[in-house]
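Just the one chain here, the form predicted on its own, laid out as structure tokens.
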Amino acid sequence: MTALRLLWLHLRIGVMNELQYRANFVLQLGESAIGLLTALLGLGIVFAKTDDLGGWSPDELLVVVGIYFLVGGLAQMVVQPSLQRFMEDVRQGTLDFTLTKPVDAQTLVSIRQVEVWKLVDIAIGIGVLVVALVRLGHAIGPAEAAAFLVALLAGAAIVYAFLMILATCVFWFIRLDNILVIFQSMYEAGRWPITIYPSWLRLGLTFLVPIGFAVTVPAQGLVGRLTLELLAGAVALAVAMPLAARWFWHLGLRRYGGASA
């Protein structure tokens, strides 16, 4: 509950800060619209030549696009900007101000920077998912909906833990400015289900960079392609990776000197 209260507080602060620069909303809207148009144009080009892509129908790939925007919007709205600020604090030695707060420091550095305009991407993701579900019709039942929700939560936990581990490396390697940007570039591969990629790339996008768990696995759950074994594996990884990120965070804190050291 403390984390939710903190997130709500920083969301309100983010809204007040961003309302000073309302042109950012127009820019974000344009950027998101271009991203959606590019994704849909890609689907149109592919399905002008074939009826399915790796066994995925056009409506099923709309589900992938919707989840891509939804998960990406959530990550870019809260987690990535917060961790980027955390990395800057470590470099400047100003993480002290966070560590002295009477709340869990890892929780605080994970949610204290909110880019409100990324709500546009979240809204687009939800809208695309609704359209896809309407087009799929009766194909989605309670079992698929439950599998989707579990897989989506598991994927979100895995991505957060992965980004947290990457950001925590700043305690050892000061110059890591672009590491989260590199992740975002690789996340672009999530516009398509990872099952269409070669096996070596599929393994990399599943276990090295968990894009598969973030986008493809929830989509598989929603369209009835997700096996119980894969869902169990996603849940197990969603438990193990945050624990590993927590351990790595405490290990990194031992190396932090700070401005007051």
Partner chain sequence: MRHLPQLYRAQFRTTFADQVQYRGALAIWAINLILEPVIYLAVWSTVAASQGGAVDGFGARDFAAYFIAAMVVNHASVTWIMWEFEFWIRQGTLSPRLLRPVHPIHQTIADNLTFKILNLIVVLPAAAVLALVFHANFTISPWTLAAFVPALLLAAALRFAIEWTLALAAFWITRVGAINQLYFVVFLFLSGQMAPLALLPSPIATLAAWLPFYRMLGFPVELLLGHLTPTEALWGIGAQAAWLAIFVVALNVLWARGVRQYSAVGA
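Numbering follows the first chain given and starts at 1. In this text the structure is predicted, and so the values were computed from the model without any measurement.
The protein also exists as the form predicted in complex with the partner chain; that form is not presented, and the subsequent description refers to it.
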_Against the partner chain in the predicted complex, would Asp52 count as a contact residue? Criterion: heavy atoms within 4.5 Å._
yes
_So in the predicted complex, is the partner chain close enough to Gly35 to count as touching (4.5 Å, heavy atoms)?_
yes
*Should Trp200 be counted as a contact of the partner chain in the predicted complex, where contact means heavy atoms within 4.5 Å?*
yes
*Are any of the heavy atoms in Met186 no more than 4.5 Å from a heavy atom of the partner chain in the predicted complex?*
yes
_Is it the case in the predicted complex that Tyr68, Thr227 and Leu243 each bring at least one heavy atom within 4.5 Å of the partner chain?_
no
*Just give me the single entry in Gly233, Pro58, Gly204, Gly42 that has a non-hydrogen atom within 4.5 angstroms of the partner chain in the predicted complex.*
Gly42
